[in-house]
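Shown next as structure tokens: one chain only, the form predicted on its own.
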Amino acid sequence: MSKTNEAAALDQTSVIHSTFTLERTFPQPPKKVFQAFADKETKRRWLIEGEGWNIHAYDADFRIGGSDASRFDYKGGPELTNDTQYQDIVADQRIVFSYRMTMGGKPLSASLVTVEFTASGKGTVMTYTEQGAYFDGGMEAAKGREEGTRWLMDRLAAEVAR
């Protein structure tokens, strides 16, 4: 096998493990920020809706052992799925969930996420930690997930400010 073919074969079967932590301060109390994750319609607005996004399915069951499932695309591109299962929930303090994403039916990633909500004055410090396995996209996939999560945190902040 040539070096080019070896590199292509490696890229098609690779997995990159990466962890990132994002911290965000909100002027709203922990209960309000936590609720943006817990309430089905609120979460849908900041997580999967937006200009250019087509939502094909969305369901949410926010409880330990519960799951969320969504199917969507961006401007008619390949279909994306996000399947989440809640591992631990402590009201207004912590959410731990695992999630799996696909693109065009192909596995994209599997992650474990811990979101912590800490009171700070009248506001909240939210700490989001993701431990992920990103398939076949190398470090760019891991970096892209962190950038995408930062974008989602901006949308979350706008939602809780409503």
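One-based numbering along the sequence shown. Predicted model only: the values in this text are computed from it and were never measured.
Beyond the structure shown, there is the form predicted together with a further copy of the same chain, which is absent from this document and is the topic of what follows.
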Look at the stretches 91 to 99, 40 to 48, 25 to 33, 54 to 62 and give the one with heavy atoms within 4.5 Å of a further copy of the same chain in the model of the complex.
-> 91 to 99
Touches a further copy of the same chain in the model of the complex: residue 18 (any heavy atom, 4.5 Å) | yes
Please run the contact check for residue 110 against a further copy of the same chain in the model of the complex: heavy atoms, 4.5 angstroms, yes or no?
-> yes
Answer with yes or no whether residue 149 is in contact with a further copy of the same chain in the model of the complex, where contact means some heavy atom within 4.5 Å.
-> no
4.5 Å heavy atom contact, residue 82 to a further copy of the same chain in the model of the complex | no
Considering only 97 to 136, what residues come within 4.5 Å of a further copy of the same chain in the model of the complex, judged by heavy atoms?
-> 98, 99, 100, 107, 110, 111, 112, 114, 116, 129, 131, 132, 133, 135, 136
